[in-house]
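Only one chain is shown below, in C-alpha coordinates, and it's the form predicted alone.
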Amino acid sequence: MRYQVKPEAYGEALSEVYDRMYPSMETPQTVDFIVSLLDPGARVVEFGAGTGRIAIPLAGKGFDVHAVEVSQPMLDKLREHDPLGAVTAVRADFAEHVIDGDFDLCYIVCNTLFMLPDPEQQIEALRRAGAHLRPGGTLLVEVYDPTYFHQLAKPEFQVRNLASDQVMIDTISVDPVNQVLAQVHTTIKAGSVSTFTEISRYAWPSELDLMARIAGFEMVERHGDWERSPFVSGSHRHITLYRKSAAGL
(Lines give C-alpha, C1' and ligand atoms only; values in the text may rest on other atoms or scores of the structure.)
Protein backbone atom coordinates (compact mmCIF):
# COMPACT_ATOMS: atom_id res chain seq x y z
CA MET A 1 0.00 0.00 0.00
CA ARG A 2 1.31 3.48 -0.91
CA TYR A 3 0.31 6.30 1.42
CA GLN A 4 -0.32 9.65 -0.25
CA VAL A 5 1.23 12.47 1.73
CA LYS A 6 1.37 16.13 0.72
CA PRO A 7 4.96 17.12 1.65
CA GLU A 8 4.08 20.58 2.95
CA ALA A 9 0.98 19.48 4.91
CA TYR A 10 2.82 18.95 8.20
CA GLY A 11 4.20 22.47 8.31
CA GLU A 12 0.97 24.04 7.14
CA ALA A 13 -0.92 22.34 9.97
CA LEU A 14 1.59 22.59 12.83
CA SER A 15 3.94 25.53 12.25
CA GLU A 16 2.23 27.61 14.95
CA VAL A 17 2.81 25.00 17.65
CA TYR A 18 5.92 23.23 16.34
CA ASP A 19 8.38 25.07 18.59
CA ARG A 20 6.31 24.01 21.61
CA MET A 21 5.99 20.41 20.39
CA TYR A 22 9.78 20.13 20.30
CA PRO A 23 11.15 22.46 23.00
CA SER A 24 14.76 23.55 22.77
CA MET A 25 16.00 21.64 25.84
CA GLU A 26 17.92 19.19 23.61
CA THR A 27 19.11 21.71 21.06
CA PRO A 28 22.51 22.47 22.67
CA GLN A 29 23.45 18.77 22.75
CA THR A 30 22.33 18.34 19.15
CA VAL A 31 24.29 21.36 17.96
CA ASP A 32 27.40 20.32 19.93
CA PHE A 33 27.25 16.84 18.39
CA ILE A 34 27.10 18.28 14.87
CA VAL A 35 29.85 20.83 15.61
CA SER A 36 32.13 17.98 16.74
CA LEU A 37 31.96 16.56 13.21
CA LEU A 38 32.97 19.77 11.44
CA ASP A 39 36.02 21.87 10.71
CA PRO A 40 35.69 25.63 11.28
CA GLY A 41 33.69 27.35 8.55
CA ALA A 42 32.37 24.08 7.08
CA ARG A 43 29.42 24.10 4.69
CA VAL A 44 26.35 22.33 6.07
CA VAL A 45 22.87 21.60 4.70
CA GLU A 46 19.77 20.52 6.62
CA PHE A 47 16.95 18.62 4.94
CA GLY A 48 13.60 19.51 6.52
CA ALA A 49 14.80 22.45 8.62
CA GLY A 50 11.44 23.35 10.11
CA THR A 51 11.62 26.60 12.07
CA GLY A 52 15.43 26.57 12.25
CA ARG A 53 15.82 25.03 15.70
CA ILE A 54 19.17 23.49 14.74
CA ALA A 55 20.21 25.48 11.67
CA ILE A 56 20.17 28.92 13.32
CA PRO A 57 22.44 28.10 16.30
CA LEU A 58 24.80 26.25 13.94
CA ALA A 59 25.06 29.34 11.75
CA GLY A 60 25.71 31.34 14.91
CA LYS A 61 28.86 29.26 15.45
CA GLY A 62 30.35 30.41 12.16
CA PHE A 63 29.31 27.62 9.81
CA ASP A 64 27.89 28.19 6.32
CA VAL A 65 24.43 26.70 6.92
CA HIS A 66 21.84 26.04 4.22
CA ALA A 67 18.32 24.83 4.93
CA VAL A 68 15.76 23.08 2.72
CA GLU A 69 12.15 23.23 3.90
CA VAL A 70 9.03 22.53 1.84
CA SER A 71 6.51 24.36 4.05
CA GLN A 72 6.17 28.10 3.61
CA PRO A 73 4.73 28.65 7.12
CA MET A 74 7.74 26.82 8.59
CA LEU A 75 10.09 28.96 6.49
CA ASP A 76 8.30 32.10 7.66
CA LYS A 77 8.95 31.04 11.27
CA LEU A 78 12.59 30.29 10.48
CA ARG A 79 13.08 33.75 8.99
CA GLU A 80 11.28 35.30 11.95
CA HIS A 81 13.79 33.59 14.26
CA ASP A 82 16.69 34.53 11.94
CA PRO A 83 16.07 38.18 10.98
CA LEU A 84 19.68 38.73 9.85
CA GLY A 85 19.53 35.81 7.41
CA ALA A 86 22.43 33.84 8.87
CA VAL A 87 20.89 30.67 7.37
CA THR A 88 20.50 30.40 3.60
CA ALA A 89 17.01 28.93 3.37
CA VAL A 90 15.16 27.68 0.32
CA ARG A 91 11.61 26.38 -0.07
CA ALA A 92 11.78 22.98 -1.74
CA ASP A 93 11.07 19.28 -1.33
CA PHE A 94 14.42 17.83 -0.22
CA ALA A 95 13.62 14.53 -1.95
CA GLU A 96 13.63 16.37 -5.30
CA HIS A 97 15.61 19.60 -5.00
CA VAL A 98 19.30 20.01 -5.87
CA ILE A 99 21.33 22.83 -4.26
CA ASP A 100 24.29 24.41 -6.02
CA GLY A 101 27.69 23.65 -4.53
CA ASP A 102 29.12 20.92 -2.34
CA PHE A 103 28.75 20.45 1.41
CA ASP A 104 30.79 18.83 4.15
CA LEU A 105 27.76 17.52 6.03
CA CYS A 106 24.06 16.94 5.45
CA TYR A 107 21.81 16.24 8.41
CA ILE A 108 18.22 14.98 8.62
CA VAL A 109 16.95 14.96 12.20
CA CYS A 110 13.76 14.62 14.25
CA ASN A 111 12.41 11.63 12.25
CA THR A 112 12.13 13.74 9.10
CA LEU A 113 13.40 10.98 6.80
CA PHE A 114 10.55 8.72 7.95
CA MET A 115 8.00 11.34 6.88
CA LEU A 116 8.64 10.32 3.28
CA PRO A 117 5.89 7.72 2.76
CA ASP A 118 7.72 4.90 0.99
CA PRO A 119 11.22 3.39 0.78
CA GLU A 120 11.82 4.54 -2.79
CA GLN A 121 11.36 8.17 -1.76
CA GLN A 122 13.57 7.64 1.27
CA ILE A 123 16.34 6.18 -0.90
CA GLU A 124 15.97 9.08 -3.33
CA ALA A 125 16.32 11.57 -0.46
CA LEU A 126 19.54 9.83 0.59
CA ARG A 127 20.77 9.97 -3.00
CA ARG A 128 20.04 13.71 -3.03
CA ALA A 129 22.08 14.06 0.14
CA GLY A 130 24.95 12.27 -1.57
CA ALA A 131 24.66 14.57 -4.58
CA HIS A 132 25.18 17.56 -2.26
CA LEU A 133 28.19 16.15 -0.40
CA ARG A 134 31.87 16.35 -1.19
CA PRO A 135 33.71 13.01 -1.50
CA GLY A 136 34.05 11.64 2.02
CA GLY A 137 31.31 13.98 3.26
CA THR A 138 29.08 13.00 6.18
CA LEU A 139 25.37 12.29 6.34
CA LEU A 140 23.71 12.35 9.77
CA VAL A 141 20.27 10.78 10.27
CA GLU A 142 18.23 10.83 13.50
CA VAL A 143 15.08 8.66 13.62
CA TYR A 144 13.05 6.77 16.19
CA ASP A 145 13.60 3.07 16.75
CA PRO A 146 10.39 1.32 15.63
CA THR A 147 10.57 -1.70 17.96
CA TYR A 148 8.08 -0.43 20.53
CA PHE A 149 5.58 0.95 18.03
CA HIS A 150 5.76 -2.03 15.66
CA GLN A 151 4.18 -4.30 18.29
CA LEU A 152 1.27 -2.01 19.24
CA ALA A 153 -1.97 -4.00 19.12
CA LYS A 154 -4.25 -0.99 19.72
CA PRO A 155 -3.98 2.81 19.56
CA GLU A 156 -1.88 4.55 22.18
CA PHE A 157 -2.49 8.03 23.56
CA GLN A 158 0.04 10.66 24.62
CA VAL A 159 -0.49 14.21 25.89
CA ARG A 160 1.74 17.26 25.32
CA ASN A 161 1.30 20.42 27.35
CA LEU A 162 1.88 23.19 24.82
CA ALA A 163 0.88 26.18 26.98
CA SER A 164 -1.12 27.01 30.08
CA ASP A 165 -4.27 27.02 27.98
CA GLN A 166 -3.32 24.58 25.22
CA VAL A 167 -2.74 20.83 25.04
CA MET A 168 -2.09 18.34 22.27
CA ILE A 169 -3.41 14.78 22.42
CA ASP A 170 -1.59 12.34 20.15
CA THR A 171 -3.33 9.14 19.06
CA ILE A 172 -0.79 6.65 17.71
CA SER A 173 -1.68 3.61 15.62
CA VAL A 174 0.47 1.33 13.48
CA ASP A 175 0.17 -0.63 10.25
CA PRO A 176 2.97 -3.17 10.87
CA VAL A 177 2.70 -4.82 7.46
CA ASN A 178 3.54 -1.59 5.65
CA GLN A 179 5.70 -0.22 8.49
CA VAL A 180 3.56 2.89 8.78
CA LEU A 181 2.84 4.85 11.94
CA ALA A 182 -0.12 7.23 11.96
CA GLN A 183 -0.14 9.91 14.64
CA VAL A 184 -3.28 12.05 14.95
CA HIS A 185 -2.38 15.35 16.61
CA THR A 186 -5.43 16.91 18.28
CA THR A 187 -4.77 20.45 19.50
CA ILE A 188 -7.19 21.93 22.01
CA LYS A 189 -7.14 25.61 22.98
CA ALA A 190 -9.83 27.87 24.47
CA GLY A 191 -12.66 25.71 23.19
CA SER A 192 -11.22 25.29 19.68
CA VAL A 193 -10.09 21.91 18.37
CA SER A 194 -7.93 21.09 15.34
CA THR A 195 -6.54 17.78 14.11
CA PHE A 196 -3.78 16.66 11.77
CA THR A 197 -2.66 13.14 10.90
CA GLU A 198 1.09 12.70 10.60
CA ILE A 199 2.19 9.64 8.62
CA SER A 200 5.67 8.19 8.98
CA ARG A 201 7.04 5.17 7.17
CA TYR A 202 9.60 3.65 9.52
CA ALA A 203 12.62 1.52 8.70
CA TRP A 204 14.63 -0.84 10.87
CA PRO A 205 18.28 0.15 11.49
CA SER A 206 19.59 -2.59 9.19
CA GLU A 207 17.10 -1.53 6.51
CA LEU A 208 18.20 2.09 6.84
CA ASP A 209 21.82 1.01 6.41
CA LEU A 210 20.88 -0.91 3.26
CA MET A 211 19.05 2.09 1.81
CA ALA A 212 22.11 4.22 2.58
CA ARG A 213 24.40 1.73 0.80
CA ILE A 214 22.12 1.81 -2.24
CA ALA A 215 22.42 5.61 -2.15
CA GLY A 216 26.23 5.45 -2.07
CA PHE A 217 27.02 5.67 1.65
CA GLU A 218 28.94 3.59 4.17
CA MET A 219 27.77 3.38 7.77
CA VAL A 220 30.36 4.81 10.19
CA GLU A 221 28.78 4.78 13.66
CA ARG A 222 25.46 4.71 15.48
CA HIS A 223 24.48 6.15 18.87
CA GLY A 224 21.42 6.02 21.09
CA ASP A 225 21.38 9.76 21.85
CA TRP A 226 23.26 13.01 21.33
CA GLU A 227 25.57 12.15 24.23
CA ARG A 228 26.89 9.21 22.17
CA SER A 229 25.41 6.55 24.43
CA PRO A 230 25.42 3.08 22.84
CA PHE A 231 22.44 2.13 20.70
CA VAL A 232 21.04 -0.94 22.46
CA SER A 233 17.81 -2.87 22.81
CA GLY A 234 15.34 -0.47 24.37
CA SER A 235 16.85 2.68 22.88
CA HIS A 236 14.07 4.98 21.73
CA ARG A 237 15.97 6.33 18.74
CA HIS A 238 19.29 6.24 16.95
CA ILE A 239 21.65 8.81 15.49
CA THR A 240 23.63 7.35 12.61
CA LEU A 241 26.59 8.74 10.72
CA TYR A 242 27.23 7.71 7.12
CA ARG A 243 30.17 8.59 4.90
CA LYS A 244 29.86 9.18 1.20
CA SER A 245 31.78 6.30 -0.31
CA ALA A 246 34.55 6.75 -2.85
CA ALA A 247 32.19 5.39 -5.48
CA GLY A 248 29.24 7.41 -4.04
CA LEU A 249 26.42 8.17 -6.43
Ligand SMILES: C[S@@+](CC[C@H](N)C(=O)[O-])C[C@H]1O[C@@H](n2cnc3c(N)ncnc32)[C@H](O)[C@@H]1O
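Remember, it's a predicted structure, so these values are computed and weren't measured experimentally. Sequential numbering from 1, following the sequence displayed.
What follows is about the form predicted in complex with this ligand, which we do not show.
Although the partner is absent from this view, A212 stays clear of this ligand in the model of the complex, with no non-hydrogen atom inside 4.5 angstroms. Contact between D175 and this ligand in the model of the complex is not found at the 4.5 Å heavy atom cutoff.
None of the heavy atoms of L139 is located within 4.5 Å of this ligand in the model of the complex.
The closest non-hydrogen atom of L116 lies within 4.5 Å of this ligand in the model of the complex.
This chain is displayed alone, yet in the model of the complex one of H223, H185, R53, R43 has a heavy atom within 4.5 Å of this ligand; that residue is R53. For a residue to qualify, one of its non-hydrogen atoms must sit within 4.5 Å of this ligand in the model of the complex; none of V143, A203 and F231 qualifies. Of the candidate stretches 149 to 157, 131 to 139, 70 to 78, 165 to 173, only 70 to 78 has residues with heavy atoms within 4.5 Å of this ligand in the model of the complex. Along 108 to 126, these residues reach a heavy atom to within 4.5 Å of this ligand in the model of the complex: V109, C110, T112, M115, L116.
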